[in-house]
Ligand SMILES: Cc1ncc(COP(=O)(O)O)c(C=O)c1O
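This document starts with one chain, in the form predicted alone, laid out as structure tokens.
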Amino acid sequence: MAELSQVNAPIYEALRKFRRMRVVPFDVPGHKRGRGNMELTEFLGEDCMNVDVNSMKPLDNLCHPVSVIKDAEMLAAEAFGAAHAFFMVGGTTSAVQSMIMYACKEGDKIIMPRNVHRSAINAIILTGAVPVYVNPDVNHKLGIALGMSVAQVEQAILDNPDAKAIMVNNPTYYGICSDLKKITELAHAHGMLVLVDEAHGTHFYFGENFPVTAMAAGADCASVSMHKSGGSLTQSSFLLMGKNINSDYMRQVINLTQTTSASYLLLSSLDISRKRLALGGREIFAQTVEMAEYARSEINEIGGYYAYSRELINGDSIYDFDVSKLSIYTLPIGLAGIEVYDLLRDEYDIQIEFGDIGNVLAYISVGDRKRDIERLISALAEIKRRFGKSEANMLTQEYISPVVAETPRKAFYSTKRSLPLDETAGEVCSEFVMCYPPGIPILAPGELITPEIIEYIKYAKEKGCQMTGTEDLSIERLNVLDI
């Protein structure tokens, strides 16, 4: 067999070969190449249904790959500059949780920023690890959490020399990056692993002039949402490993929670997308940045809005910025980010990534067209003219540092009682409260409920944020510890 290179896509190639064989299926899935569910086949197409197949010898097995999946993993690792790569069909949530489950057992400490994605705190609940939070600095004008300060990380290491790992969000949803290389050097000097939630940084590996990647910075693991900026199907991601990680044990950890019935639609999308970026990523992301920079310049010309970029860099908690991100501060036009988000969708048929109390994020990718960018710019200008008002009475505080009263695991599994939201001040929360996206908890299990947090939740609900995480879907009541 010829030596593999980045022009190959082993899983995709095996599926194409398999489809030509016209095998008669007496295995699952039960739709039997779509014949058993014609409505679904008409909706998704025969080509899609024909490759929604079960694991078998010609197609390898994700839980224990020995052929085409193994080859595809090798090519992915090479493309990302990693020692090993795993295909993840449970999204980056599964990758984040596998990293933490690899590094920590019950009672082990892990240093992390509090503005982590819910998946990281879920992993803390599952493992029984103990989080040591480094509360991020906050830009009070924009109301957003920033990266991890090196000095704060160093202090957390000195205060917790027995911690097993440090987790870093890089970049944040808004595009903020920490000094990842310095944090990695600090952690390794104290015998700690570095785990990077790089969900929003796929493009760093393939473009030019982007912030440093986790693998280039020497991190031990990174979870990469290939489906975000990499072009693969939703729910498909990579877990990357450095040279000091035992990849055989990591696979065992992954197999604790990942499905044994991996979707070949997701696997092939990862394989094809990796090939595409490895061969043409530089040009793809140069075009993406060009569109984002143009949009940023035009939006700032409107007045009122602030589309921010590298001018925020301070050398520490904002060590770098992802210029492909179009993050826009909206409060000066008298509208919360979520209000602009809703207006764009309801009045202009434009769906952006998310809106929170003070900001919106429009995700720019190579799939966008110049005329789409122009439409977004025009809509924002019209929203300011039609709906803009005074900034007075707008809540400006976006990120609230929590008071941790109990470990997430103990709080989540403890006996609890339900109280009306207004009666929960001073209680310890036993569930999550968050706006989704971005999925960063306002409250996590084990945290003290304060009047400030109650005000924030009520304001976010009033403005139309999509609130999730609670047992009560209306967020009228919260579960608290029954102490």
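In this text the structure is predicted, and so the values were computed from the model without any measurement. One-based numbering along the sequence shown.
Heads up, the form predicted together with the ligand isn't pictured, but that's what we're talking about next.
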Legend entry - Among 364 to 372, 301 to 309, 227 to 235, 180 to 188, the region lying within 4.5 Å of the ligand in the predicted bound form by heavy atom distance: 227 to 235
Legend entry - Position in contact with the ligand when the complex is considered in the predicted bound form, options N359, S98, T92, S268, heavy atoms within 4.5 Å: T92
Legend entry - Among the candidates M148, L239, A199, I166, the residue which, in the predicted bound form, approaches the ligand to within 4.5 Å (heavy atoms): A199
Inset, instruction - Indicate whether the ligand has at least one heavy atom within 4.5 Å of a heavy atom of H117 in the predicted bound form. - result: yes
Legend entry - Proximity of F43 to the ligand in the predicted bound form, heavy atoms at 4.5 Å: no
Legend entry - in the predicted bound form, Y173 touching the ligand (heavy atom, 4.5 Å): yes
